[in-house]
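In structure tokens, one chain follows: the form predicted on its own.
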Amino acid sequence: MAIKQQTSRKAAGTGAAIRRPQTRAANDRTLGDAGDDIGLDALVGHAGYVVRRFQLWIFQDFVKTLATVDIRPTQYSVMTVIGANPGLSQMAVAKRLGIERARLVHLLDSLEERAFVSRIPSATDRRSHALHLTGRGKTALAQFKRLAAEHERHVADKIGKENREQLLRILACFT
């Protein structure tokens, strides 16, 4: 990337000119700041590209909608599955949600620190723990679900209620 020299004045002082490097890309505005006028060519016809862009929008909206309760999509998913299936093992949750075991352990640590989840030693397997929502976790999950429903309304507003329902039917084979 080419480097241009830009001359600017010191904010305070003698007024002597100083030189600082700046990338040419920072000065080139021929394609617009937002990039909306950059063609995507064949990408618009690739399901993976379009689904990924939609996923980014979905996650950003979810995080924004649930920002007041500081819960991330994966934390919400884990708590929802534990709430629906009290006593599941960490391995079962990880497998069902497609989360690496090491990542799930870290995530459960953070949920345990917030007193949302408890790990109880399994009665049948000493190497395993049964996962349960705490009382606080059940209350929090109810609040999270209300906010997640608001997020789902945002999705329906963006793509239409019927399209949202059809999208869920199409993507159900991946769950």
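Residue numbers run from 1 along the displayed sequence. Model, not experiment: these values are computed from the prediction.
Missing here is the form predicted together with the DNA; even so, the following discussion is about that form.
For the chain shown alone, Lys64 is not a contact residue for the DNA in the model of the complex, no non-hydrogen atom being within 4.5 angstroms. None of the heavy atoms of Arg146 is located within 4.5 Å of the DNA in the model of the complex. In the model of the complex, the DNA lies within 4.5 Å of some heavy atom of Arg119. A residue is said to contact a partner when one of its heavy atoms sits within 4.5 Å of a partner heavy atom; Val105 meets this definition for the DNA in the model of the complex. Relative to the DNA in the model of the complex, residues Glu113, Lys138 and Glu152 are all farther than 4.5 Å at every heavy atom. Contact residues in stretch 53-75 (any heavy atom within 4.5 Å of the DNA, taken in the model of the complex) are Leu56, Gln60, Arg72, Thr74.
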